[in-house]
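Below, in structure tokens: the form predicted on its own, a single chain.
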Amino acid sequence: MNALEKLFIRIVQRVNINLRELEFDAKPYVWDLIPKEQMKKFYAFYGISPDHPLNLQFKNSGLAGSYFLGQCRVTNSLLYKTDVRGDELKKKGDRFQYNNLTIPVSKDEEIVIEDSAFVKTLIHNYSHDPETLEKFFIKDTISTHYANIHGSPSDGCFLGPFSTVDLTTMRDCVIGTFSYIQAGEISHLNIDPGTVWVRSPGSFNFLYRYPIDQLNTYIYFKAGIQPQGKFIDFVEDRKEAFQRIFDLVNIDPVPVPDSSSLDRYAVIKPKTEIGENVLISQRAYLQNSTLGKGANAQENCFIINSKLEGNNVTAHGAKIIESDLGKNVFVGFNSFLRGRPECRLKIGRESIIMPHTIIDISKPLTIPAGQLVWGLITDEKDLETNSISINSMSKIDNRLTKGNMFFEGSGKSFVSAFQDRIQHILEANGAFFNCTKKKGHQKGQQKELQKGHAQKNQNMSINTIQPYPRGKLEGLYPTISIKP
């Protein structure tokens, strides 16, 4: 038994100790998910730019195929093709607003990962826990294929495939396959697969549960087997395109406007048009599609044979196929929108497709402008059950039940929370970037306004690091500290 296997055993044991009250054993779920023979075959990589902090530290860890940016510390952990983005962390002197409190940040925040294992997981944003302003901690946690840990500190948890924990602190929890949780703080919960839960205590509570038999056709996961279903098949069918860009040192550049950013590790297939102020993140996949001004394609997104008019947010892991989206349409985490060549999906402007929504149609479907959409939709009847106009939702002040969805509280607060967040995402990604001439200065001099990721990521160099190729430490990385 080499050091890599001993480390994995240690991680599984620590997670199981935390989850003992839930009587959950992580080992049969994950022992074969991290391919130990592959841990030595993939390099890790990190970004350097004048617009991002740099403080990376790795100790006694495997990092195969993983990406790092900003301030990240990894200790006693295994990360396999995982993205850790520390480019939106809080800085010393910032003010963190929590309810009626304004709390000063005393030092620069960092992402700290300890005694954890991740498979193809995205870790991003800053800690939204007021108790840990300077540390986005993740410890004693295992996360599986294409999960998202977004601004969500974690202690002693297990995340199933395609799950998302968003702006939530979780302790000793199991997050079921394809579940989305945004609940502030949760503890000692076993969340069923296919749960979509958005809660702001004292303000609103949104809850939807997928019919499990229908969800299983899209993603199914149990102890002793690899994840399977339409989601996995979709990703696996496009695996070779990503393998090529990771194998090649130099790739032919794809021209993009000066105000846009295309990541070195994104896949761009022919007949794709990229407008101004567009952000395309690593591991995004675009084919025969148009992204209008201010649109973005975040990590693990797929946009195929589709048109996005502009200022569209395609959140982490979302997939858009054979679809036409009007301006300012939001598509949430890990959503799956699939039209067909002969029956396209059309979504009107200003609509909100909630995280973990599945729209999979065999007849043409048009979603009107200004709709809130959730759940599983295959036809007009499903759309009627699983949507409501944003205007009508804003008028709810008590309770609403539609199909498998239950809502209570202030619809206005719920809608405002989404709309404010969408605006913030667009601003952070540089969708509203503009150059205007400085008054009183010579011709040609310009002032940059609302510079975001689409502009900041342009001046980034990518560097690689390698693991031990053989011996007892095979697959592990040496202790490394990378600082300015």
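The structure presented is a predicted model; accordingly, all values stated were derived computationally and were not measured. The first residue of the shown sequence is 1; numbering continues from there.
Another form exists, predicted in complex with another copy of the chain; not displayed. Remarks below refer to it.
Although another copy of the chain is omitted here, in the predicted complex none of P35, E134 and G151 has a heavy atom within 4.5 Å of it.
For the candidate set F418, Y46, Y29, F433, a heavy atom within 4.5 Å of another copy of the chain in the predicted complex is found for exactly one residue, namely Y46.
Comment: another copy of the chain is not present in this chain, but in the predicted complex one of D252, D258, D247, D213 has a heavy atom within 4.5 Å of it, namely D247. Although the partner is absent here, Q423 is not a contact residue: none of its heavy atoms lies within 4.5 angstroms of another copy of the chain in the predicted complex. By the criterion of a heavy atom within 4.5 Å, E427 is excluded from the residues contacting another copy of the chain in the predicted complex. Taking the partner from the other structure, another copy of the chain in the predicted complex has a heavy atom within 4.5 Å of a heavy atom of M460. Among residues of the shown chain, Q466 is one whose heavy atoms approach another copy of the chain to within 4.5 Å in the predicted complex.
Contact annotation for 116-139: no residue has a non-hydrogen atom within 4.5 angstroms of another copy of the chain in the predicted complex.
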